[in-house]
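Only one chain is given next, in structure tokens, and it is the form predicted alone.
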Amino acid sequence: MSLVYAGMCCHAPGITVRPEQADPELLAGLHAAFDQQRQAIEDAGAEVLVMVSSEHFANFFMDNMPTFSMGIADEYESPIENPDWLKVPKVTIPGSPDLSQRIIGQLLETVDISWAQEWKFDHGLAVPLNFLTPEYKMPIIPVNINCQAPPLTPLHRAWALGKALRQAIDAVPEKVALISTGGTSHWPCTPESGKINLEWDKVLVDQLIHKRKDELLDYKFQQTFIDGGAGAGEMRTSICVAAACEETVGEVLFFEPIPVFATTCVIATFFQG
């Protein structure tokens, strides 16, 4: 079996931009959970990390907004934001173009996906990688789901992408870890930034952990926007990864609302091979 680990994690830029403003005990717990997830990926023997995230208009914009895209570059620059602001070092991260293209070839049998040879990682990837691959030696394959610019893909299509990803990953000999980033309630770039709908987040994460497909695919766009903010559209990334390991029940490693980071911070395991 080629999938050796799957999970989800938060990617809020505040995690690295203003950690000193968070409750020290919560911050320590979050860092410990990131470290636990990093160790699990390493212990699983992962040779490459596929990261499913939402891109924040850094590479894709209204003139070219693919529903799904995968990187096939030899290497990636990170972060696209000012590193002095994000407080994440400017680095070049290795890709795995041959594996990317083999996975894409498998995906195209059942789902449509675009590809990109140029991709600069924004905080959606840069913040988690700062904790999960701090030496930046593990090859990364980025996957983007459009979660920002309506019309957004229906949730059942995000689920279908996850199923196809699992099939494609299990068809290759490399050991692959799969991580989604973001997706709990948040209201980015609005006067409501910092608002958190904790009860909504609890339900969503429980459904993801238990892979409750019917409930996950029943969320409606407008109600999700009301209950979880514009940022909650990122739930598509974790629905995708949950679908890739539908047969297992996951485990929450960290779940706490941290208003100064403007979201509920979550670290969770979905699958361990």
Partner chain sequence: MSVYYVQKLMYNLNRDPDLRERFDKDREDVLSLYKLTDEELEALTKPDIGLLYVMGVNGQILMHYAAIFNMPWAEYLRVMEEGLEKHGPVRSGLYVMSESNEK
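The structure presented is a predicted model; accordingly, all values stated were derived computationally and were not measured. Residue numbers count along the first chain shown, from 1.
Keep in mind that the form predicted in complex with the partner chain is not shown, yet the notes after this line are about it.
Going by a heavy atom distance of 4.5 Å, is residue 226 a contact of the partner chain in the predicted complex?
Taking the distances in the predicted complex, the answer for residue 226 is yes, it comes within 4.5 Å of the partner chain.
For residue 39, is any heavy atom within 4.5 Å of the partner chain in the predicted complex, or not?
Result no; residue 39 lies far from the partner chain in the predicted complex.
Close approach of residue 167 to the partner chain in the predicted complex, 4.5 Å, heavy atom
Although the partner chain is absent here, residue 167 would stay clear of it in the predicted complex, with no heavy atoms inside 4.5 Å.
Check residue 221 for me: does it contact the partner chain in the predicted complex (non-hydrogen atoms, 4.5 angstroms)?
Contact check for residue 221: yes, within 4.5 Å of the partner chain in the predicted complex.
Residue stretch of 80-88, 199-207, 177-185, 124-132 approaching the partner chain in the predicted complex, non-hydrogen atom distance within 4.5 Å
The contacting stretch is 80-88.
Between 44, 32, 26, 230, only one gets a heavy atom within 4.5 angstroms of the partner chain in the predicted complex; which residue is that?
Here the answer is residue option 230.
Would you mind checking 180-202 for residues with a heavy atom within 4.5 Å of the partner chain in the predicted complex?
The stretch touches the partner through 188, 189, 190, 191, 192, 193, 195.
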